[in-house]
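Shown next as structure tokens: one chain only, the form predicted on its own.
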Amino acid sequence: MVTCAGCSCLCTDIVVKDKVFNACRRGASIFRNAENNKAKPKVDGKEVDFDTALNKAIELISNSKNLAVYGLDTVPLEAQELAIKLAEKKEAFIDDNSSFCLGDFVEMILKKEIPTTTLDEVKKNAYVIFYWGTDPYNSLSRHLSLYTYYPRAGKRQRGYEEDRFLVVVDVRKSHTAKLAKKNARFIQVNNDLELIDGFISALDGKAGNYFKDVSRIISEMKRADFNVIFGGLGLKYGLNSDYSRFLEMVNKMNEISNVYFLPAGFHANMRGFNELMFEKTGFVNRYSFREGKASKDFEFKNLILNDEIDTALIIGTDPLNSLPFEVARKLSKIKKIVIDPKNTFTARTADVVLPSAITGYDQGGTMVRSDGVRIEVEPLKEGDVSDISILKRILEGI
């Protein structure tokens, strides 16, 4: 069996033979299409041998006055460590997708501002399970079956029919919300803070917003000593970077029962990058080694919009495809070195392309699951060039 690095579930039970077994649609696609659309070593759009591309990358990075290192959420910890060393050596900016994804939640967990747990404990113990602003049916396809709503394990041997209570909070009736039928509640919100205020009012013994739903959920939470909230991007943006009322609600919930929080829905090793940065700097992302601090101004898209960088080292991500058009347009005008196994949109416009390996397919290493559990990933086969070997050679060359 091999590990799928398609998302932060990091499923370890994947079997790849003539067909792919146990994987979700996204995970199966990674293994089935691993040999398709592969990147080639290139300089200025022309195919060259790997060492020529590597030497050009070293030259661009060495000559850069304001370098940004970006991406890294799909590569192993060992490669992330080398990229952080490189950024430190060049006094560069470093950031990943968590700056506009769930990095704020991970930082609160690492600072111990909110109680958390592991997916294995959720599987054995959780009764009320919130999915708030996330749709795991599509974004983390095996989350519900492996760890939360459907498993029969530990104290929850009667499964979702009697031993789990599902709460889905979203602005629309997502596919996950459609599962909320028996032992479940779906709450459609226009404003997350209104629902949070509703919970706080009810916990204070007062009638407030969403009183009927909130009262029923609090009653269910009191039946168990283990409940969990999974928060997604919908919750993050609904709170608009002000987490004080949400933290107040979780603290009040913990006065009646044990309630834990876990982020849901990000890239395979985003939490790994956040943890390494936190150990090194005390921050999880948006960091400048020249300034010695983190700032919203150092978020990758803001660096580009404000013309703060002359060169970007982009590893395992495709920002031209994912960032807003005005950012992508400016990014296309600066020097770019792309390290990626695939010929992405960004790779097609890069000054230098260095093809790398796919974690779990032709590259191994250590990755960190969304709950902080470290997973050792074994490759299905050995590839030619790993992210680790590329970054090691660049670090030695600059």
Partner chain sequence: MAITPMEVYKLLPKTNCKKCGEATCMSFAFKVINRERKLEDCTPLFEEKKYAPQLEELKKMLKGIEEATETGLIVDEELCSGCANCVVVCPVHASDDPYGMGSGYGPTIDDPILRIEDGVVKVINMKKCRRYGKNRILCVACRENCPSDAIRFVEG
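Numbering follows the first chain given and starts at 1. Bear in mind the structure is a predicted one, so any value in this text is a computation, not a measurement.
A second form of this protein, the form predicted together with its partner chain, is not displayed here; the remarks below concern that form.
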### Site check Tyr137, Pro151 and Tyr160: each within 4.5 Å of its partner chain in the model of the complex by heavy atom
yes
### Message
Taking its partner chain as it sits in the model of the complex, is Arg32 in contact with it (heavy atom to heavy atom, 4.5 Å or less)?
### Response
yes
### Query
Heavy atoms within 4.5 Å of its partner chain in the model of the complex: does Ser145 have any?
yes
### Query
Should Asn22 be counted as a contact of its partner chain in the model of the complex, where contact means heavy atoms within 4.5 Å?
yes
### Message
Is it the case that Asp13, even though its partner is missing from this view, gets within 4.5 Å of its partner chain in the model of the complex, heavy atoms only?
### Response
yes
### Query
Thinking of its partner chain in the model of the complex, which stretch from 96-104, 287-295, 178-186, 213-221 has heavy atoms inside 4.5 Å of it?
178-186
### Task
Would you kindly say which of Lys301, Lys123, Lys280, Lys252 lies with a heavy atom within 4.5 Å of its partner chain in the model of the complex?
Lys123
### Partner-contacting position among Thr117, Asn258, Ser141, Asn209 - heavy atom within 4.5 Å of its partner chain in the model of the complex
Ser141
